[in-house]
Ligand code: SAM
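As a starting point, one isolated chain is supplied in structure tokens, in the form predicted alone.
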């Protein structure tokens, strides 16, 4: 059997009893034209290994293999999906490795060869946490070249948001600090089975060789978290206790202590994190 001769996804779901489970954040994308479109957003896959999270019945998995991925490593927590994925593996010998378990606990790197791209229709219940982990590794550049991920549209908008918008926050700063980010396209609820209550969007994130501005990543993450955890407060209040004389630290980098987090640019957040680092070193 070849990839092109595999049965339609609806038939696969019926054969293997794969009704989507809300507890696992599952919403299956059944249109192979759309899964192919997602796979193509990741660029040329022919010389890459691809990490996929939550393949479900394998619609996107098929597309990645048909688009020429050297190898796909798919992490799936739902044991019910394994037989369906094994059928895909049989149709593409040696090119699909299935890891059963929790993507938050499994290290996929031993199964992957470089270069690596991540492509996934992320389960809603773990998507943001996985993204933050990928954006904040111990070393940079990360093990991945790019992330092509599907989120709820609201989350996608938070990743690409600019200062001054309601969506601007921690995700935007962490993503744009060391990556290029863009929304590729949106998908309506009816594209999925079962249809979610929200529109989805595919985001493409490309790792930069180095950060856009000088900053200690851990301190930047702390500053941003503190600032946006109390985003309605002025910075002098939301950052109180982060360093002694926080108002002086803000003023030293040209930031009015009365400003609020959503008004600061990425460059200003980086400058503030460096000033914080220096103040703590005294």
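None of these values were measured; they are calculated from a predicted model. Numbering follows the first chain given and starts at 1.
The discussion below concerns the form predicted together with the ligand, not included here.
* Asked: Among 219, 234, 249, 29, which has at least one heavy atom within 4.5 Å of the ligand in the model of the complex?
  -> Looking at 219, 234, 249, 29 one by one, just 29 meets the 4.5 Å heavy-atom criterion.
* **Partner-contacting position among 42, 63, 53, 50 - heavy atom within 4.5 Å of the ligand in the model of the complex** => When the ligand is considered in the model of the complex, the option within 4.5 Å is 53.
* Please determine, with the chain shown alone, which of 139 to 147, 165 to 173, 72 to 80, 87 to 95 has non-hydrogen atoms within 4.5 Å of the ligand in the model of the complex. => Only one stretch qualifies here: 72 to 80.
* Applying a 4.5 Å heavy atom distance criterion, does residue 271 contact the ligand in the model of the complex? -> Result no; residue 271 lies far from the ligand in the model of the complex.
* **in the model of the complex, residue 135 touching the ligand (heavy atom, 4.5 Å)** => No, residue 135 stays farther than 4.5 Å from the ligand in the model of the complex.
* To do: Spell out, yes or no, whether the shortest heavy atom distance between residue 189 and the ligand in the model of the complex is within 4.5 Å.
  => Flag for residue 189 set to no.
* Asked: Quick one: does residue 266 come within 4.5 Å of the ligand in the model of the complex, counting heavy atoms only?
  -> So residue 266 does not count as contacting the ligand.
* Quick one: name the residues from 87 to 106 with any non-hydrogen atom within 4.5 angstroms of the ligand in the model of the complex. => Residues within 4.5 Å: 101, 102, 103.
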